[in-house]
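Single chain ahead, by itself, as structure tokens, in the form predicted alone.
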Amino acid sequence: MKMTPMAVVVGSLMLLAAIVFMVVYMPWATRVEEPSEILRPRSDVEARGRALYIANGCVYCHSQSIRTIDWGLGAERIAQAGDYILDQPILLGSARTGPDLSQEGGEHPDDWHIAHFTNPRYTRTLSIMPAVAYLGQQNLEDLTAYVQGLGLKQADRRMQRQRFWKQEAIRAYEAGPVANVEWLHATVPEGWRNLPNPYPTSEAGLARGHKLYQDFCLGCHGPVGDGMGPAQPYLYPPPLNFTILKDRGISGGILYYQIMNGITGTAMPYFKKELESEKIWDVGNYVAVYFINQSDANTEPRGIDAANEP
């Protein structure tokens, strides 16, 4: 076959037709119109927030689709086509420079998001996300409403839980430091309250805890653990001042549980999907040694030391 002008034209048209068939017709012909069990229309404020999300290029760094290959990353639900039938355009995203946001709604309370959008380093010290404080308070609230709706009906249930515990946390905080600490301890299952940190205090362990504290905790709790980090002005109730915990029955188990599981309703997130066990014990012991001046590391009741213990 000779490369004639006619062959070039016909071949180009055939190639274009194949592309249109695969990219335009096939998605249209196989489109899903059946809504999933979590689908609901977005509110007006969520729609305004979505427009801001698109306009500021958030989709370039955040995907909104959990796939089967992501299951090991801690996702609670694989995305379904019926989740997106009301979205125009669909914001699945292809990059995960930042975390996937498909189930972000209700993971944090509203004030955490306002602090995060104002300056992401306030809540996530190592974040490379640009600050969007220039959008102004109303736009930040709209953007927060959109993010809090990601996950749709599942997000609504998480938000309901956040709002309930937010009121409980505020009530405890406003009752004073003693009542607040008692409430915080009461939210920890009894088995954890009397559990000491199983690892002995060591120079290496404290160094690991210091690094972890800088990476995950400093923005809210501050460099000296007094709850006066840069995020503090945006959060209510404010981050806990660790220095008030001395002689209040704080145990390594209480610190571990609340670092692991977070404190729903407050800006304290859970870290059980980010930090393995020993890192949580290490950062808890760092807080206990340097801010509370009271550590129960490696005290009774205790079991057999691990093989790597000195």
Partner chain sequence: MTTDAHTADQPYLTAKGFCITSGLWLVVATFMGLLGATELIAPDLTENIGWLVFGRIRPIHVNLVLFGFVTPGLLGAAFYYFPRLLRTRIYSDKLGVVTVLLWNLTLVAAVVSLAAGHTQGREYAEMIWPIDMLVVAVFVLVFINLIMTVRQRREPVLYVSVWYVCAAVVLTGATFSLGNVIWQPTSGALVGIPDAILLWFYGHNVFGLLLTPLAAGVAYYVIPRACQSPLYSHTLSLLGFWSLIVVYTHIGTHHLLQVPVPTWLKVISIVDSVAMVIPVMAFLINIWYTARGRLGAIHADIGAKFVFTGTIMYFFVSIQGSMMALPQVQRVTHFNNWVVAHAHVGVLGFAGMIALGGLYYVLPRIAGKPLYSRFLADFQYWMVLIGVVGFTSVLTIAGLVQGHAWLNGETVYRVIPQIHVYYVYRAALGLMIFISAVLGLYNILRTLYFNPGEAR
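Residue numbers count along the first chain shown, from 1. Computed from a predicted model, the values in this text were never measured in an experiment. Each form is matched to the other, and the largest set of C-alpha atoms that superpose within 1.5 Å is called the rigid core.
What follows is about the form predicted together with the partner chain, which we do not show.
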item	value
Contact residue in the model of the complex, chosen from Asp156, Asp111, Asp87, Asp226 - any heavy atom within 4.5 Å of the partner chain	Asp87
Contacting member of Leu275, Ile244, Val45, Leu39, with respect to the partner chain in the model of the complex [4.5 Å, heavy atom]	Leu275
Proximity to the partner chain in the model of the complex (heavy atom, within 4.5 Å), stretch among 196-204, 161-169, 118-126, 176-184	118-126
Proximity of Pro99 to the partner chain in the model of the complex, heavy atoms at 4.5 Å	yes
Proximity of Ser12 to the partner chain in the model of the complex, heavy atoms at 4.5 Å	yes
Contact test in the model of the complex: Tyr234 vs the partner chain, heavy atoms, 4.5 Å	no
Residue contact check: Ser63 to the partner chain in the model of the complex, 4.5 Å heavy atom	yes
Residues within 4.5 Å of the partner chain in the model of the complex, restricted to 45-59 and counted by heavy atom	Ile54, Ala55, Asn56, Gly57, Val59
Core superposition between the shown form and the other one, C-alpha change of Pro301 at least 2 Å	no
